[in-house]
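Just the one chain here, the form predicted on its own, laid out as structure tokens.
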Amino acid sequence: MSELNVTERSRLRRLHKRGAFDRETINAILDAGPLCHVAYTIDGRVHCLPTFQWREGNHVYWHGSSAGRMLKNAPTQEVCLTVTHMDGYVIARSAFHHSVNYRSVMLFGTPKKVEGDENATERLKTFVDQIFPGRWDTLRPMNEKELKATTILSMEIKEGAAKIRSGDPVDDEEDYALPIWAGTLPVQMVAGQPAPDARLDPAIPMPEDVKKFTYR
């Protein structure tokens, strides 16, 4: 099983036992949900923006407005992309040992702009179909204006690390005898009941890709 490059900035200095560098673990965290944050440096100032990411093989992709400064400047600099899933509260016998169970990935690299309308369209199709399988082919095709307004960035999954916490609270040994409840409170992201658009024709049925939608 191959691993990511571990450099000085991606090395875990605290709680290193929670670290993981194998691609299988990192890919699973990326694939578990689309929301990520990407940090850029523009004019000497750091900006961190939320966006959606998706993975194809050994590359991670994200998109945004072609007019945005972040995406315009990204191919000229290194960025930091993070994904975090909160899995639960960890409730300990002391305030100090309260924590959370989580899965996270931090990736470093210099992204590249996806060139060509056909290539960009294929990447966006993969993005949509990973969330709503089969939906892309039911949609009105993207037009030239929309493609021009959209920038897609690609970054090789090469440098970074995952960090994971799971299980019970870890209290001081003498605290286990205290009459204080301790344990974990699981947290999940779930999809609610779909709400039709107010202008939707009532005769149009809900498609299977929406009916079956769940966060993986």
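Remember, predicted model here, so these are calculated numbers, not experimental data. Start at 1 and count along the sequence shown; that's the residue number.
Quick note: we don't show the form predicted in complex with a further copy of the same chain, though the next part is all about it.
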Using heavy atoms and a 4.5 Å limit, would one call residue 98 a contact residue for a further copy of the same chain in the model of the complex? yes
**Q.** a further copy of the same chain contact in the model of the complex: residue 79, any heavy atom under 4.5 Å
**A.** yes
(message) How about residue 40 - does it come within 4.5 Å of a further copy of the same chain in the model of the complex, if we only consider non-hydrogen atoms?
(response) yes
- Query: Can you check whether residue 182 is within 4.5 Å of a further copy of the same chain in the model of the complex, heavy atom basis?
  - Reply: yes
Of the residues spanning 163 to 183, the ones with some heavy atom within 4.5 Å of a further copy of the same chain in the model of the complex are 168, 169, 172, 173, 175, 176, 178, 179, 180, 181, 182, 183
